[in-house]
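One protein chain, two forms: both are listed below as structure tokens, the first as structure 1 and the second as structure 2.
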Structure 1
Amino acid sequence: MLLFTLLLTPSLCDAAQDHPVAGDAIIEGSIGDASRLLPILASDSASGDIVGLLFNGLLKYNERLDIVGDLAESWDVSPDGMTITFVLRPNVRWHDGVPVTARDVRFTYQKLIDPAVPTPFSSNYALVKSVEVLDARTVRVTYREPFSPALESWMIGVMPEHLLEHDDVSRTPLLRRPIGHGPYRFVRWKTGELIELAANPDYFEHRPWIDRYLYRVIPDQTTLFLELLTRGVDSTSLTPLQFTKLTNRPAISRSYQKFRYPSFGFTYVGYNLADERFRDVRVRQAINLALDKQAIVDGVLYGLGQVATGPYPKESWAYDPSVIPAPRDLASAKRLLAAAGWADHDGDGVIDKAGAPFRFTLLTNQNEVRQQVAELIQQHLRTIGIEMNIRVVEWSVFVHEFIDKRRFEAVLLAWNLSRDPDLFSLFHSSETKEGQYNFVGYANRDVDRLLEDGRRVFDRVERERIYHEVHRRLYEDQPYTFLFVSDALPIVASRFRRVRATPIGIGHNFIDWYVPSAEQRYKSKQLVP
């Protein structure tokens, strides 16, 4: 009983102390400045971060990656999957006091498909036939054909019709002084230095506890890290080296808490499948068996990542847990290569076929992590008699001169994906034109069909089955050798409470974060614009 009491006491104390109070400010450090603060034009990640606090979409992902309502109180997909009807929450207001209505949703859609508006997001809405306003709170979207990634596309921030209807969206002053309806209001933007937001007292969920959000632009990673040491920033993201080695000193571990969770992106080796050697699936499988991916994760990411068997991290419902990563097996790799006709006939240590040695160049861009990964791959392949050269080029040259024009043998790259598992543009055989993303030239009729079906079905169980199948097929076929999913590594000052790492990140409950009064650092001020 005594033991029970002792065990219980600390948690009771914690619970008793967990009374959120308003106040304080958070200073987020970032290496890039925002560019345009309207949702349909915010294409860079800095603009996206800020826009996410100023505007809401109709839907959002919760911390378990389920789709839930945001501005939409409820939504309904018709049985044939052709129409989606959204009902907005009552009493949501723009920061200038005007109610948010279904007309704003229709207006946002109209601007998204307007050819005069330079938005990169319009492809998501190509299948929309119409967007109708049924009443002030209800909007119905009709599609030409069922399109399940559509739900994710309605997470884009809704824009104010009453402020923008007579304005050129790409030139409006609201790009730099936005008026949203989200948990924070815009206060000021000093280009290249700072963006300040203030808590919106009328936010429909509840007023955020943190009064002010300051986004400081510090373009140099090392400077950003030094600012952590002097507590000049409260939150930023770390590199694996900083996470494991440099943040263990008492000055940091006392004042900060570190988090890690898998990012939604994977690093891979992609093959040019037009190349005779890589067209043979046995060769690709042999390379997969020869690479020690755990050693790559440990050596390059200091263990802060997980070995990948496909395009999804383990946290995604599309990930098929029955796909077991094959352990490194040099004997089997060599057997596969021999079956494909590759063996070291001339005894020079490099396997050959019809007199031609197996030499190829792995192309990658200027990225320190990728260069290190490439060097490890080079070592691992040498053990099965494949000689690999590494060529590093600048990003734009890489994309336009090599990827777009298919002038590569193999590439080392990474994809950052959204939470919807649709991979149509990456692996469908129709997406192989110059500038499209199936640049490896992968064509598998079964995978094509699965990818088409996956876009038409809304039922989660059915989609899960389809994408598990896609995952399995991709692992068998190895158009890419999937290497790893790296971790996102944010660090936040420890005075902030209720910060939790979840599959969607740490920011999903940002409005619930708070700082106990005694620990508040920046005194509250009236900073409403």
Structure 2
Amino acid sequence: MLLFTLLLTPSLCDAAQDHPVAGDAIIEGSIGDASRLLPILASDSASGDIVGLLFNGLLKYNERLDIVGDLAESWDVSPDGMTITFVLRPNVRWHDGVPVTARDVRFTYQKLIDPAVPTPFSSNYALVKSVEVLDARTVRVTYREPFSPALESWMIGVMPEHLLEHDDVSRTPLLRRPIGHGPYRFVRWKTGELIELAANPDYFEHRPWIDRYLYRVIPDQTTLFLELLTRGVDSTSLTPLQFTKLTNRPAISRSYQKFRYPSFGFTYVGYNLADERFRDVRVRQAINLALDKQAIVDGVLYGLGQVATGPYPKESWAYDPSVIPAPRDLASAKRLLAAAGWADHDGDGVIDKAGAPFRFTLLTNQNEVRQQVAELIQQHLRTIGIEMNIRVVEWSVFVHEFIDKRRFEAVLLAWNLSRDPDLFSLFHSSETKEGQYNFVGYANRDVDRLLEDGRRVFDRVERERIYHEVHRRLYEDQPYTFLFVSDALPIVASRFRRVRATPIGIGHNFIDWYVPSAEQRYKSKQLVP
């Protein structure tokens, strides 16, 4: 069970007066802009956050991490697990008024497997044999082989056939002006500044109580924090320094709710394995031994996180506790580098090989914590004779111009993971095309086989054995240097009610959040932050 620390909660008095009313707006602050607002192309977290308010999948996780219906009113899995029949809710409509039907589900699947569509999610549907429309509300999915993450795979947002059937989905105007069926409707997008959504009065669960959702892009985290303090934004993610030092004031405690809980993901250094230097596993292992991860957790995260040994957080049943993080060992790191041919032959303090010094650039985005982590990594690597430069790039450019196109030597990034431990898209050797998630180019036949086996097995004990082995192999291979699992540190203005931390985070019940009439700030339908 996940352990949460809820630092501030609504008072008992508030709970007793819990009468939701419509109105107001919430302004979310973020350092990164979205890039593509269609579900199968929303491959970065900023785009995913917005898409999640515009589109629904067939299924979703509830606050207890149970799989429940979303667009699907019901579903039936055949005894052999090879067929799933979904029945859609009645009377769900796209934001243009057209009914959502089983044909939209089949269309979304067809685009997911279309080789011309650069989606990182296609591997989740490779074992699907057919998707049949039985009637307007019923769709049957048949698999060629058992596929254990099948239910989770149908949490991806369903797209409108009637608007996209004649379009190239990777170029359609709907990427920037989406029409969904979710709790919010798209209003406008000013690139690099603002995305505005409005409550969908016809949403099938109920109309969201908050009228407007505004996503403000503020690339500098210090400026973003100042905007929070001056009420320019209502909610954002705090840095560890902001959480531990800068928000412990009575005025802030009265005005905001702070939350802390383990994030379900990890931060890492990923290597371009097409680069000759990083292709040698001894070099990657040496870097792992040279980095003091606990010092990073203590010094940059202020202890609000844990050292990572692999891709799974400790809260995951796939996490293998027998994988112990290696302590910092500079002597062993230097021996590994020497065995790989790297030594300081000319005495300039930088190791070299065949006359070429070991210098590389670590790429990251405008995330204050990551920049501090990068500086510590730079210091640590200098002690073993590796010279590392740091380059900071704007988020959407970082993702699409450098990550997708593999134009990097090494990157500092983080993954948010789904609850199923399937990591096929991150580490299988088939997932290295442009736009796919194995952008480091990792290829290991044994790991490929384990990842394939893990998808074919439904037995939890057997899957656990497989993913423990994946965890161990990845730690040995070090395609990434796994750094840490940080705590999630969201903050929300205290006028918003019904905000609570759960194993799925704080946003799972966003349509139920509300602001009492007397505390609403925004009465106008046109907000200009």
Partner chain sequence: MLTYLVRRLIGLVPILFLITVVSFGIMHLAPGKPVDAAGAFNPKVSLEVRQRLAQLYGLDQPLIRQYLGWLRRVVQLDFGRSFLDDRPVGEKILERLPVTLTINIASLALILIIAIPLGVLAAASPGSRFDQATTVFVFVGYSIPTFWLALLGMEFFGVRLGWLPISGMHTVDYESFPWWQRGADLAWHLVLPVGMTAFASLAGLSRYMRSSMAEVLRADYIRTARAKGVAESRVLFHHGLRNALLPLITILGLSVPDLIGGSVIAETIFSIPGMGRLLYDAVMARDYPVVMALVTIGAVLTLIGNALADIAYAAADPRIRVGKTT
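Residue 1 is the first residue of structure 1, and the numbers go on in sequence order from there. Here, rigid core means the biggest group of C-alpha atoms that superpose within 1.5 Å across both forms. Note that the structure is predicted; figures quoted are calculated from it, not measured.
Shown second, as structure 2, is the form predicted alone. When the chain is split into two rigid parts between structures 1 and 2, Arg216 and His471 fall in separate parts, each C-alpha being assigned to the part whose superposition fits it better. When the larger rigid part is held fixed by C-alpha fitting, the smaller one turns through 38 degrees between structures 1 and 2.
Relative to the superposed core, Ala318 has its Cα moved 6.3 Å between structures 1 and 2. Superposed on the core, the two forms differ at Ala410, whose C-alpha moves 15.3 Å between structures 1 and 2.
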